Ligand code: IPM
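Presented below, as structure tokens, is a lone chain in the form predicted alone.
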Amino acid sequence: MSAYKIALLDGDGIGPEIMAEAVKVLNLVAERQNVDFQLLPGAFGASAYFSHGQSFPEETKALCDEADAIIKGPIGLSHEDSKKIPVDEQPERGALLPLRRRYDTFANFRPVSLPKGLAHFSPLKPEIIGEGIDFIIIRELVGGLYFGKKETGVNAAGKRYVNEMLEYDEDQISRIAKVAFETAQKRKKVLHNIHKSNVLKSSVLWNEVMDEVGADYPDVEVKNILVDAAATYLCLNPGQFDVMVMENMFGDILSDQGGGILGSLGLMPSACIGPEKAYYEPSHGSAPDIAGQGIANPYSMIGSVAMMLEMSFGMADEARNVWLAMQSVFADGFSTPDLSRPGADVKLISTADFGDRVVAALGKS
């Protein structure tokens, strides 16, 4: 029997609710596949700060170090509640970025997928969605503006200022480029390189390295596109994309737009892959305004489990079964209140009911 240790970081807001549904799926997969998943719960995020005095406590770091993979819920609080936490301990700075840095999770995979049968979730017109939306955004996750040197102060004129550095070296660009080209080879062999080289010198270097790496992948067609144009085309013609690669901040923004064209970030899980360890998480926030109400959809949390099954544990067939089970719940006319639109012809169910229906469908596959 194979055995894997999985760190479970519930996070904040709706995190514990949707994580509970992910655990239901993990338990069934363990039973079906004769695998021992050892689940290691740990405090992480704003809740960890209030309980442990740190948003990424030392004991959580230790269990993450021990784990074979990490599954993480959303983190963060409302703007007002965030003020109760020191700036450097606020969840994004004090937990999320240190998690990425600790495990060098440089490659972020965010699939943007909406089968034709679920097109009613999207705000886009049916003729734009066509036969469905299916592309993946690959985002460099540990470089660029978010990880550069930061300085604040008061200048000689008495004005407050901020200085933040956007920095990449060729090795950082090369390794994410290789991931993108290898992903494109497994799909349609088309790679959109997203940049802003008409303004940013960082993008000039980015493109130079992309060209150098691309020479080793002659079967992949590279299409270069400015980030602002890409934002437009995501709304006007998302079907042209298959694999998109970009630097950190561009990926942060465009992947959220990807959730927008699906109709919700609640439909977009993600994987953050490093050389030795990976963590998996929903792309959406912690939604503190609906926490505890049992109305949040666990799709992206369970989808993150599916990505973990495939990418960390080599269980591609079972991962596919999980995806199909989730989509079947929607196809049967069920949805949680957070994803339903006024007047939509759906049967509303709770977070737990959605998870139970996924488990039931998976059990039949």
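Not measured: the values here are computed from a predicted model. Note that residue numbering begins at 1 and tracks the sequence as displayed.
The following text describes the form predicted together with the named molecule, which does not appear among the structures shown.
Among residues of the shown chain, A287 is not one whose heavy atoms approach the named molecule to within 4.5 Å in the predicted complex. Using a 4.5 angstroms threshold between heavy atoms, Y146 counts as touching the named molecule in the predicted complex. When the named molecule is considered in the predicted complex, D134 lies well away from it, no heavy atom lying within 4.5 Å.
Using a 4.5 Å cutoff between non-hydrogen atoms, A278 does not count as a contact of the named molecule in the predicted complex.
This chain is displayed alone, yet in the predicted complex one of D104, E212, E92, D81 has a heavy atom within 4.5 Å of the named molecule; that residue is E92. The contact with the named molecule in the predicted complex, taken as any heavy atom within 4.5 Å, belongs to L96 out of L234, L96, I295, A119. Here the chain stands by itself, but in the predicted complex one stretch of 138 to 146, 171 to 179, 111 to 119, 156 to 164, 138 to 146, has heavy atoms within 4.5 Å of the named molecule.
Although the named molecule is not shown here, in the predicted complex the stretch 252 to 277 places heavy atoms of just one residue, D252, within 4.5 Å of it.
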